[in-house]
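Next up: just one chain, as structure tokens, the form predicted on its own.
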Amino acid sequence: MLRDYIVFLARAFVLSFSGSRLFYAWMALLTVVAAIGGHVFCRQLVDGLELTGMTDQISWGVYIANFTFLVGLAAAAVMLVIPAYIYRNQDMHDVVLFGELLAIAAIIMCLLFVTVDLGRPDRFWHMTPYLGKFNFPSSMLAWDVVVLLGYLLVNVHICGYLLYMKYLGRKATPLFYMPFIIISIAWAVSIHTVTAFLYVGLVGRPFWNTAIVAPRFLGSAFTAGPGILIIAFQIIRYYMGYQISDRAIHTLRNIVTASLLINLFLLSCETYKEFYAASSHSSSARYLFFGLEHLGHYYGKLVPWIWTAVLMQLAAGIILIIPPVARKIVFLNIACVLANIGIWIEKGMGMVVPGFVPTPQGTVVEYAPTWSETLICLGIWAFGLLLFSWMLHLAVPIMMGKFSFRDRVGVATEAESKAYAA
């Protein structure tokens, strides 16, 4: 058994470096972008967070904005797990692993964004159990570390076990994966709920101190994740030859439609609460949507961002609620892109930064990401796409039966070499 596993790892290693010219070009591009981001991060380690646009007044910026968005992206895998394993939807069962692989890549990117946001990441050991002071269960940050790492391990186990059984040509034993799937359903909701509670728990920031934050996070997550998977499924189907039915794509379309409408409804509820009975606690919302006048100066850098996000989500919602239009793949893709960009802005820059403006002392300091932050963010996204592409490069041949235990004679068989030749 151990020998077979070692052979599997050796063959997977060889397959990782074999593919078409398009595959090499794509992976090379992502590697270069990730390396540039890594180089800039090394400069940030030397020079400190002064390379960023963050200040004493605004200590969270585009790093935490991406972190918040990606936690939702990881949680959205549950929208494939439930129909596939609970309702026995065969169309979704054939693609559920792709959603879990995306969750793995998203969680790793989340951890990387938290790492680059730390001024001294070498001090992370202070939160390590037995080495530092973990402050569990009193600290919400400790809860966030637990749920993120736990969700990562659960998805790695499920994907690794199912793919290895498929490689061996054996039927997977439900006892070894079904309990973890049930756990992952609740865990997926918990990771974004705990992230929302990190904001809600900061009572000195009234912009975040509302019970609707967690439902808004989940609504946006179940829009963005399936929206990205709709596009990813088409790429997998076209470039990798794996058959994904249109029914699976349109099932996700229905999920995106319902979740986007819920997210827009919750956003409208939040704006009503902020502006109808306006008070000094509404200053952050006014800054976000209309800008603030302070000491004779106008501050409104985020106003174009948030209105662009709202209009993009409204446009996506209009496309999705018109069935003849939404059924056309081109318009569906446009709606998914608009919804994801809009949610990234609303949930990232439109959620993180306004909570710091104005400060509890009443001062107004604006924030804009620097080129260093932008390059580091692009580097992490490139690394995440690199990881996701690599996992797909191995998973698709296994699921198609082109990379299996039966053809183990020789390290790289002709079937493996031709898997991505087209």
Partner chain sequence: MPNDSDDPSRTGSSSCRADPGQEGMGRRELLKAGMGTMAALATLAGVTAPLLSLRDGPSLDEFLQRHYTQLTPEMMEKILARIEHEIAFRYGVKTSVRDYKPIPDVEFAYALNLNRCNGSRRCVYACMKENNIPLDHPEQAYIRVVELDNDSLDLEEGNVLYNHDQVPQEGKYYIPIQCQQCRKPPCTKVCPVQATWTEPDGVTVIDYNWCIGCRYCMAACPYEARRFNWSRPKFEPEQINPDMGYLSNRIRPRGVVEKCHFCLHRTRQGKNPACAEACPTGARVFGNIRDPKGKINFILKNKRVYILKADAKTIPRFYYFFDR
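Just so it is clear, the model here is predicted, and its values are computed rather than measured. Residue numbers count along the first chain shown, from 1.
The same protein also has a form predicted together with its partner chain, omitted here; what follows describes it.
**Request:** Select, from the options 70-78, 120-128, 91-99, 270-278, the stretch whose residues sit within 4.5 angstroms of its partner chain in the model of the complex by heavy atom distance.
**Result:** That would be 120-128.
**Prompt:** Thinking of G19, W26 and E50 as one candidate spot, does its partner chain come within 4.5 Å of a heavy atom in every one of them in the model of the complex?
**Reply:** Contact check passed for all of G19, W26 and E50.
**Message:** Using a 4.5 Å heavy atom cut-off, which residue among L264, A84, L198, I319 comes into contact with its partner chain in the model of the complex?
**Reply:** By the 4.5 Å heavy-atom cutoff, the listed residue in contact is L198.
**Option touching its partner chain, based on a heavy atom within 4.5 Å in the model of the complex, out of L175, A186, A211, L295** = If I apply the 4.5 Å criterion carefully, the residue I get is L295.
**Asked** So, in the model of the complex, is A142 in contact with its partner chain at a 4.5 angstroms heavy atom limit?
**Response** Yes, A142 lies within 4.5 Å of its partner chain in the model of the complex.
**Item:** Contact flag, P397 vs its partner chain in the model of the complex, heavy atom cut 4.5 Å
**Value:** Yes.
**Asked** With the cut-off set at 4.5 Å between non-hydrogen atoms, does M240 touch its partner chain in the model of the complex?
**Response** Contact with its partner chain, yes.
**Message:** Can you tell me if P324 lies within 4.5 angstroms of its partner chain in the model of the complex, counting non-hydrogen atoms only?
**Reply:** Because no heavy atom of P324 falls inside 4.5 Å of its partner chain in the model of the complex, the answer is no.
**Message:** With the partner left out here, which residues of 342-379 have a non-hydrogen atom within 4.5 Å of its partner chain in the model of the complex?
**Reply:** Read in sequence order, the residues that approach its partner chain (within 4.5 Å, in the model of the complex) are F356, P358, T359, P360, Q361, G362, T363.
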